[in-house]
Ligand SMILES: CC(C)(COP(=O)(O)OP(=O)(O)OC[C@H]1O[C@@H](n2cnc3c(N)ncnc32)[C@H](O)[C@@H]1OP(=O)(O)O)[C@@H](O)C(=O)NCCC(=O)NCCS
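Have a look below at one chain only, the form predicted on its own, in structure tokens format.
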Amino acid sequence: MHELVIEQVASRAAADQWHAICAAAAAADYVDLPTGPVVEVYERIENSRTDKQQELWLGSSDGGPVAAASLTLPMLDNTVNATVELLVHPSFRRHHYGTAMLDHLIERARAYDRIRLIGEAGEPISDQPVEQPGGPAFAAAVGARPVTIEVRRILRLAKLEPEHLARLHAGAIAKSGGYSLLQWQGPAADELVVDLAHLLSRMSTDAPLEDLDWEPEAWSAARYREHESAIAASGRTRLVTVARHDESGRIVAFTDIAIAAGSPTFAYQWTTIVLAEHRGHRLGMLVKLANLAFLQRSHPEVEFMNTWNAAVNSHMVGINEALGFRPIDRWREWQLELSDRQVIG
């Protein structure tokens, strides 16, 4: 192994190199998982946020880039945690570049008084003829432990059956009296933002976290607006459908879909949540069906949609599989307690 020279990504030229490593790794390790647009990387290095601080790092050897990593530091909650990405170009793996980059991230995290790192890695579902990516083996080797299990599923829109969707919609409508739907692309109306922030706060308490050490997040209207701005600056278009409780006027269910610039045939099902006190009315199915129809009307070029669900979240998995999502691979979040690892250096 040649020495790994690690520098912080501070220019668009360096961001281009960082993005290229991510794209090469994704192409080698996963099926139908395009890398986000490079403008998303520009946004991460050029725009600051109050809820998190981000550092991107590029590792080079013999003058050429071989590894990419990021360190994200929550600033409003979970301030003992740091989340990480760490990727080595497929042509330069098994030369200990990943270990050298991890040691650097550990030093940086400790400088901010963080006590653990959290990262994720995908792996094939057992019946898939896909070569095992190195991420899970690397995480285990450095002392991290798996704390959550998610499954990525893909919806192929060409295979959707309108009659089947119509039956699902009729069933949801029959159970959801007293609720109305709202939809938009881009920023939300001002009068909705407080409710939307509340829903995102509930994602950190209502969604299954399994063994992950993650405390509840407090979302304000300002934090939600900052979240919207970051999505737009990263080159993503976002479609939102919500359910409003007619009697109270409150937004009680939410779902969103994102489409990345540069990958117009792929979409991503992001957050879906129904407040616990309004469950049992098929609002999850209702808002997902409505947002899927919104996507088909406004972005007919989309062919595939990716989503991730906690394996233990049987209710949401059931909705997605009824819509036609099918498993592709398994993803785990790995947690590394920094007290358990000594920097090799």
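All of these numbers come straight from a predicted model, not from anything done at the bench. Residue numbers here begin at 1 and follow the sequence given.
Just so it is clear, the following notes concern the form predicted in complex with the ligand, a form of the same protein that is not shown.
- Stretch 86 to 94 is the answer when you ask which of 205 to 213, 228 to 236, 156 to 164, 86 to 94 has residues with heavy atoms within 4.5 Å of the ligand in the predicted bound form.
- Interface residue among 30, 294, 42, 304 relative to the ligand in the predicted bound form, by the heavy atom within 4.5 Å criterion: 30.
- Residue in contact with the ligand in the predicted bound form (any heavy atom within 4.5 Å), chosen from 146, 171, 187, 134: 134.
- With a 4.5 Å cutoff on heavy atoms, residue 75 does not count as touching the ligand in the predicted bound form; it lies far away.
- When contacts are judged by a 4.5 Å heavy atom cut-off, residue 80 does not count as touching the ligand in the predicted bound form.
- The ligand in the predicted bound form is not approached by residue 266, whose heavy atoms all lie more than 4.5 angstroms from it.
- In the predicted bound form, at least one heavy atom of residue 99 sits within 4.5 Å of a heavy atom of the ligand.
- Contacts with the ligand in the predicted bound form, taken as any heavy atom within 4.5 Å, map within 109 to 123 to 119, 120, 121.
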